[in-house]
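Before any questions on how it binds or moves, here is one chain, the form predicted on its own, in structure tokens.
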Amino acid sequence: MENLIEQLQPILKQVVGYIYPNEVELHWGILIVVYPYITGLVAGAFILASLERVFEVKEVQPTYRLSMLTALAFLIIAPLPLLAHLSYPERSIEIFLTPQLKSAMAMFGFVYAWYLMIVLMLEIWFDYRKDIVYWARSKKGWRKYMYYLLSLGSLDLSEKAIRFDRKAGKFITIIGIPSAFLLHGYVGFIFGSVKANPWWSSVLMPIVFLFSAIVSGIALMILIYGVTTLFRWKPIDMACMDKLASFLLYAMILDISLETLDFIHRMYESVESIHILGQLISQKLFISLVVIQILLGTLLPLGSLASVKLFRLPDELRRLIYFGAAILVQIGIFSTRWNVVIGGQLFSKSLRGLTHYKMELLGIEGLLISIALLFLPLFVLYIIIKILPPWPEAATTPLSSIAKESSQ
């Protein structure tokens, strides 16, 4: 018993007020922070891509294919934080074998399969099909057979077939927009449905999660488009960057308005819990919430993007502001996920005390694994780009000659 007390002393020193012994250790750690962050990037990148396909915003056309491939890369990695968090990840297949329609978490498997297998991959295939056929006929060696395999036997490049590809792709994109909303909105739905937790219980939680996802996705595409363009030694399309920054500014304004409304609603509604939530913000989450999320991740990039709208600035300075704002936004959105997931577990169910989260460096729930999961989608994106280049010069297809060959 004495040894147990000695082992608990470092943890108990972090406890503020009264908390039950079984609430000292948090059940959800950094991996559950990474999961909604990655899914938010998926939804945001896809919604950005839909601006060109559905709403015909021509300025963002250079990022259309890149946004689709980015969404695919991050979506492939999205379930890994959840699987790593499980003690028996192989049991996740039971979601499909014994479906439980009343479980919001179990429904993620079906939402994920629908979005990945049906929506996202079909839209990419229809958009790339004519280029895949061209590459299958022009490449040599194993690449030739790889592209033939990717074409799924559809080698027709007539005007009628290409017109069908465009219509089908646009139709799938229209379906994909509410699917993207559902993919990330359900994460906020899970947290908002926990009525016993005043930090999570809010009808605005799914909407706040969704708009923060749009913000993070647009900011991510500013970074990826800018970096990949510079590495290819190509000039950055400033009309595209200006339009992306404008959408980022508008999305941030909506996001901060919703979060402010949500905070005001919590203050008005939480009569019993307002005291412990005040302690939570002022003591445990002051740095991550007030300093990182609000000041660095929201107000500073919001002010810098607004300054570009108000003043005429040279292209070089605008690019630096856009990159800086996008990086700060990513830090702020990750801090938002941290404050929701970790912050909601730092106070006791009795609403009388606070505990502390100690993150490991190594191990499956450690910091290094989380960092690897955050960068793994970029590696997957690199591989996908090598197979399906999104650049305009790589997609130059002499349709007239190929269509002539196809007709013969």
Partner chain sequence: MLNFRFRPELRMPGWKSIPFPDQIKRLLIIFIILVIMLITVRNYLMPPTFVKEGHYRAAAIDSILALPIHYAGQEACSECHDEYVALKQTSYHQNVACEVCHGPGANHVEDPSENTPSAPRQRGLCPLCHIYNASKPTGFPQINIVTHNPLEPCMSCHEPHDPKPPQPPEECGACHGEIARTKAVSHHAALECTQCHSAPEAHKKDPRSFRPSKPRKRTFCGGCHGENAESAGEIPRVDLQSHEPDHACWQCHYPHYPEVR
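Positions refer to the first chain, counted from 1. Computed from a prediction, not measured in an experiment: that's the story for all the values here.
Omitted from view is the form predicted in complex with the partner chain, to which the following refers.
Only one of the listed residues (Leu223, Leu320, Met117, Leu261) places a non-hydrogen atom within 4.5 angstroms of the partner chain in the predicted complex, and that residue is Met117. Scanning Phe189, Phe247, Tyr148, Phe108 against the partner chain in the predicted complex with a 4.5 Å heavy atom cut-off leaves one residue, Tyr148. Within 4.5 Å of the partner chain in the predicted complex, a heavy atom is found for all three of Leu97, Trp125 and Arg129. Comparing 151 to 159, 281 to 289, 325 to 333, 208 to 216 against the partner chain in the predicted complex, the single stretch with non-hydrogen atoms within 4.5 angstroms of it is 151 to 159. Although the partner is absent here, Ala136 is a contact residue: one of its heavy atoms lies within 4.5 angstroms of the partner chain in the predicted complex. When the partner chain is considered in the predicted complex, Asp165 lines it closely, a heavy atom lying within 4.5 Å.
Using a 4.5 Å cutoff between non-hydrogen atoms, Lys144 counts as a contact of the partner chain in the predicted complex.
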